[in-house]
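Here's a solo chain for you in C-alpha cells, the form predicted alone.
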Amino acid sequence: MSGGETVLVTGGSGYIGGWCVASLLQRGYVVRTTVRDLAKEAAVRASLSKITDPGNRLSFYAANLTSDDGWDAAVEGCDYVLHVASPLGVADPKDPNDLIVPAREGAKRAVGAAIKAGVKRVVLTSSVAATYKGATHRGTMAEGKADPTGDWTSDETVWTDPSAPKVSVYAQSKTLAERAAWELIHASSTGTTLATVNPALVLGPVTSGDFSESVQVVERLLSGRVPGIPRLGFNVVDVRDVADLHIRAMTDEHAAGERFIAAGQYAWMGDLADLLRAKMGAGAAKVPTRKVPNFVIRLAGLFDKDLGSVSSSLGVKHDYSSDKAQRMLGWKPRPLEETIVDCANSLIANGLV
C-alpha cells in the first residue's frame, strides 16, 4: 500500500490516465490529476465511480500541455508524477507541429515542474512508436534510410529516428517528447528519477464515450464500420495492465532510468474478429468475415488518412517485446481474450456500439 503518498497523474480525463488514477486510488494513494478544463471534473468522477470510490483522496488541477500555467501548483507536495497526458492521433495532421509541439513541450513542462518540486520519480507514458525498429540509425541505416519492410521484433534498446522516411508524425511526437524528458532528467542535479512506459495498442474496458482512438479497433469491428478484415496486426495490451506497469515503474527502485515496453500478445485483425464472433454471440453480428487484400487498403489509403497511416504495416509482423518489464518488475499482461471481451462488453454496456 501507499502509506498516504501523493501522486499527480496528468491527463486524468484520458483513457490510460483515468485507469492510472483508479489503480492508484485502489492502492490507497492520494491522487491529483490535471485536466485542461476543470469543468471536466464531474464527468471524470462519474467515470471513475464505475471502477472505485475516490472518497476524499482525489483532487483536480487545471493545466494545459501548451501553457506554463498551473503546473507548479499541481506538482507541489507530490511524491510522484505520472505524466500520461499527450495529444493522440492516428492520421498525420497537415501541420506536424499540431502533435509534436504539445507532446514535447508538455513533457518538458511536466518533468520540469516535477524536478523543481523535488518529486521522487516521474513515469512518462511514451509509446512503442518510439521504439520502431524500421526507423533507426543502425548499421546500414546510419544515413537515415528506413529499414526495408519485413518482420521484426523490437525492444527498449531501440529508438525511433524521427527524421527517417515515412515515420508518422505520431511516432515523431512520442519520440521527441520522450527524448526531451530524458534530457531534462540527465541535466538535473536533483534526485528526481525518470522511467518510461511504452505501450503497444491499448485496449480493454471503457467507462465512458471518452476513450482512446486505439479502442476504435474493437468498436469498428463490432459496429460493422469496417467493410472487411485487413492483414494488419499489432501487440495488444490491456489498459489495466498499462496502469499497473506505471505504478510498478513508479515504486520499484530498479526502474529508475529505464524504459519499459507494455505489450501483450501479437494478434492480427482477423484474430480479433474471430475472437469476437466466438465469444460475443449476437453482439458480434456485424463483425465482418470478408478479408480485404492489401492493395485495396493501400488504394483506399490515398483518400482516407486513417487507412493511409497504417498501409505500410500491412502483411508484416512488427512485434514488441515486454520481456524486460516482466523480468525486472514482475509485470504480467493478461490474456488477449480477456482484454478483447472486456473491451467489447464495456462498449455495449455503455451504448457505444
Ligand code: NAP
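The first residue of the sequence shown is number 1, and the count goes up from there. Values in this document were obtained by computation on a predicted structure and should not be read as measured data.
The following text describes the form predicted together with the ligand, which does not appear among the structures shown.
The stretch among 273 to 281, 247 to 255, 186 to 194, 124 to 132 whose residues place heavy atoms within 4.5 Å of the ligand in the model of the complex is 124 to 132. Contact between V287 and the ligand in the model of the complex is not found at the 4.5 Å heavy atom cutoff. Remark: N64 counts among the residues lining the ligand in the model of the complex, judged by a heavy atom distance of 4.5 Å or less.
A residue is said to contact a partner when one of its heavy atoms sits within 4.5 Å of a partner heavy atom; F260 fails this definition for the ligand in the model of the complex, lying far away. Contact annotation for Q172: none of its heavy atoms lies within 4.5 Å of the ligand in the model of the complex. Each of A85, L201 and S212 is positioned with at least one heavy atom within 4.5 Å of the ligand in the model of the complex. For the residues K324, R57, R36, H318, the 4.5 Å heavy atom test against the ligand in the model of the complex is passed only by R36.
Checked against the ligand in the model of the complex, the candidates P102, G233, P162, G112 yield a single residue with a heavy atom inside 4.5 Å, and that residue is P102.
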